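Below sits a lone chain in structure tokens, taken as the form predicted alone.
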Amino acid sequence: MATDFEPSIFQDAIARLDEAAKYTDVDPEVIEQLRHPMAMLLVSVPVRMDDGSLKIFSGYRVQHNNDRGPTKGGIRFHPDVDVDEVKALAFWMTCKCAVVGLPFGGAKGGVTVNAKELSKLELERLSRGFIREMADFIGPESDIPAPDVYTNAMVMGWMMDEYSMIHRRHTPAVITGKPLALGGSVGRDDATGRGAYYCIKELEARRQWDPKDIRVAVQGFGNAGQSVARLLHADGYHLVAISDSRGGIYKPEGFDIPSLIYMKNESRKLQAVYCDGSVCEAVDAHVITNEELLELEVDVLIPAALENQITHENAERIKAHVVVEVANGPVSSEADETLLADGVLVVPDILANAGGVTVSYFEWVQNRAGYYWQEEEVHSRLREIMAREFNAIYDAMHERRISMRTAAYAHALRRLGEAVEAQGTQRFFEDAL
């Protein structure tokens, strides 16, 4: 919860609009609209637990803006979910969709729950119960959810099935990130990490990096963190530090990432190992905290966990040359200023992690058309979009001598401004008098 001295996460997110607005000529009404979420729904979700008891969970869905199309955004199950966080995430989704040119607005949803404490049956009951409460608030032409923190393809499949039963028709386009057998898209499982990887590859070309000379640390080893680490490792990058919610490991020579992924997914523990097939041997490594990982001397730091990991308290101790935000909002606005002054390039979340929503858009298109693409086509289309928008924002950053984040928000504001102004603003109606 925010204090008198610390803005809420939503206020912190919105504050970045004012800086970006200085570098666009959008109508002030555009900024005013973006300060206010379009609609919010708070629900209570009753779940019958395995022991027969009844528990009530708080659920949220925020639709931020739909000027560019139906709203789009994930659903997270996490104990820290609250309405302020969901509002901020919905705002970021509006900007993210505009950054990569998708015909979507932003939304987000969540349930306040520790999903790790639920059985699989309890998780299914919660997932279906949440959709029963949201069934009139979402839809394939209005608001399309997707997976997020501690939700996955199976959860999305349950949710799509529940919505279809309520409306008595098969409706795969209401949810994206589904299992392939239920209308999911190939390439969706690693899309968030792959999108960040494509951004790093564009930066590699711009800065003429040799991957074998680049040291990388990844905070957060879930789906997105694993995907970007796996792709970078295959290209020769040195992944020297990895962490999950329990802590991290550090090895200056770098880890064998496929082995770490295998052990993490098999045992749910992050262990320093080398695997030959299913035979794994322990590898010496330093045990570190998540906080220590952030402050390592590396070339590229990838926060892929939760919000507000780099704040005014630790920003001066960040030694990485580049921060690639795979998580949503891992760097606070105050920390942004410190990193910029120290010459650290931050590739912002509304660009770096936009691969997930981009391939979700592909899935939605395929569901509506009833025609499904091959994986090579999905990857090719994703890379084209990520490269195009990365380079446009990178060029704007240098031309205007601003941060990459400000350039990304300005890029989004121009597209959002066009949609708002196409419907008429005060200037239009004054001229009409």
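Only a predicted model underlies this, so the values are computations on that prediction, with no experimental measurement involved. The first residue of the sequence shown is number 1, and the count goes up from there.
Absent from the display: the form predicted together with a small molecule. The rest refers to it.
Note to self: Please tell me whether any heavy atom belonging to T94 falls inside 4.5 Å of a heavy atom of the small molecule, as the geometry stands in the model of the complex.
What the structure shows: No - in the model of the complex, heavy atoms of T94 and the small molecule never come within 4.5 Å of each other.
Margin query: Is P147 part of the interface with the small molecule in the model of the complex - any heavy atom within 4.5 Å?
Written below: Yes, P147 sits close enough to the small molecule in the model of the complex that at least one of its heavy atoms falls within 4.5 Å.
Note to self: Check G248 for me: does it contact the small molecule in the model of the complex (non-hydrogen atoms, 4.5 angstroms)?
What the structure shows: Contact with the small molecule, no.
Item checked: Distance check, P303 to the small molecule in the model of the complex, heavy atom within 4.5 Å -> Output for P303 is no: heavy atoms all beyond 4.5 Å of the small molecule.
Next item on the list: Among 330 to 338, 308 to 316, 232 to 240, 356 to 364, mark the stretch whose residues have heavy atoms within 4.5 Å of the small molecule in the model of the complex.
Entry: Contact-bearing stretch, as computed: 356 to 364.
Note to self: At 4.5 Å by heavy atoms, is each residue in H321, P348 and R405 next to the small molecule in the model of the complex?
What the structure shows: No.
Margin query: Using a 4.5 Å heavy atom cut-off, which residue among G106, G184, G74, G195 comes into contact with the small molecule in the model of the complex?
Written below: Comparing distances to the small molecule in the model of the complex, the residue within 4.5 Å is G74.
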